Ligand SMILES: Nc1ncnc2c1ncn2[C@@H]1O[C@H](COP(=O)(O)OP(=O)(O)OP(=O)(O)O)[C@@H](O)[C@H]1O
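Just one chain follows, in the form predicted on its own, and it is written as structure tokens.
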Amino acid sequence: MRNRNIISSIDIGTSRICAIIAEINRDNLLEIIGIGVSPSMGIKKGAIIDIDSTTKSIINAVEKAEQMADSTIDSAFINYTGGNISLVKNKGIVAVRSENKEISEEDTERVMQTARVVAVPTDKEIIDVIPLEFIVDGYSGIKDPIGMVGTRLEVDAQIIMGSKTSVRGLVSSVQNSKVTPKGIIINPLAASKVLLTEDEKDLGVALIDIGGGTSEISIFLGGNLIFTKTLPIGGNHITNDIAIGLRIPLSLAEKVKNRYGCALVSSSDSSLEFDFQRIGDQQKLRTNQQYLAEIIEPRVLEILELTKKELNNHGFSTLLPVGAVITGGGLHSLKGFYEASNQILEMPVRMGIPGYFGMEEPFYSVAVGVLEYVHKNKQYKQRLANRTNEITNIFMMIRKWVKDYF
């Protein structure tokens, strides 16, 4: 049997966990060969609150993906989300060492290491350092300086930090499932790989990921991620509203939302009726989509209004000629949501869906995006190779920390 070039990802969300196994074919393209989805346990609003429960959910998703792929995995790239992501800019400067002054990979590694030297708050941990541009002897705007000639190499870098507790909880949950985390990619960078074009990121675009427990707003401008903010509200709040309004279990409320949900009363159909049974009541009742929309619409408008408020507060509304791309599994199934988004945000809006056969749902955006980010990002591969020992040491420290405190 030939050796298979396998790469895998795990998207750990508030509502669901998605594991994907892909094979890199002879044309250097990704082929999805395994998908596993499991309900999330032990996660609230993007944060892990029960490592054991989350581990079980991860194991379930990974096993499903392995069965479909007819292959096992022992490592995966994972996502990181939450309201505690910090973006910090820093600069690094080194002298080119070689006698002929040709910039080597070692020089880029050294300058990136100098950019990592920054004061890190005690409750934060560096997830990654991304080069925004390299500068060679004063010439800026360089994306890859290897092979160029110069005496001084600089880098303008973006340091991505996350909550130390959240990062360690995430890594521990994955490690406990017998999968080694090979790297961590934050949600907006992952999703942007499959949902946004380079032109959109250059001109200015908002990527809005509405999940189950949270909604993440990310701004791309000049080709880079410049802002990210997480709101503690998502599709689960609508499910909860339906459960309270109709007095039905949450599991049934989720099914009702996905099948009959409508974001706007004006877009609903009063003739579309369905039966339901209240908790503790043996008699079936009947209602229609219009009544359901009256429950759903206020929460949808609240999510969109809060999003608009964030964009306005930070002055982004006038800096985004492309408008907004909305993704995530929280609200995409709601009829009329596109119209509501255009109405409230007052900017061009389109729905973001991965372009992979069989995975044309916003829910898969991050899991597929993690794979694309790792596979197509040459600089990330270099950083990963250079930091392999460092990452291993961090994970060993996390394992010791978990043993000590849990």
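No experiment lies behind these values; they were computed from the predicted model shown. Each residue number is its position in the shown sequence, starting from 1.
Note that the form predicted together with the ligand isn't included here; everything after this is about it.
Trainee: Look at the stretches 127-135, 198-206, 329-337, 88-96 and give the one with heavy atoms within 4.5 Å of the ligand in the predicted bound form.
Mentor: After filtering at 4.5 Å, what remains is 329-337.
Trainee: So, I210 and the ligand: in the predicted bound form, are they within 4.5 Å at any heavy atom pair?
Mentor: I210: yes, in contact with the ligand in the predicted bound form.
Trainee: In the predicted bound form, does Q175 come within 4.5 Å of the ligand, counting heavy atoms only?
Mentor: Answer no; every heavy atom of Q175 is more than 4.5 Å from the ligand in the predicted bound form.
Trainee: Would you classify F363 as touching the ligand in the predicted bound form, given a 4.5 Å non-hydrogen atom cut-off?
Mentor: Residue-level check for F363: yes, a contact with the ligand.
Trainee: Is there a non-hydrogen atom of S268 within 4.5 angstroms of a non-hydrogen atom of the ligand in the predicted bound form?
Mentor: Taking the distances in the predicted bound form, the answer for S268 is no, it never comes within 4.5 Å of the ligand.
Trainee: May I ask you to choose, among E254, E297, D107, D241, the residue with a heavy atom within 4.5 Å of the ligand in the predicted bound form?
Mentor: Answer to the contact question: E254.
Trainee: Heavy atom within 4.5 Å of the ligand in the predicted bound form: which of T214, S218, Q289, S192?
Mentor: The residue in contact is T214.
Trainee: Since the partner is left out here, which residues of 271-308 would have a heavy atom within 4.5 Å of the ligand in the predicted bound form?
Mentor: Read in sequence order, no residue approaches the ligand (within 4.5 Å, in the predicted bound form).
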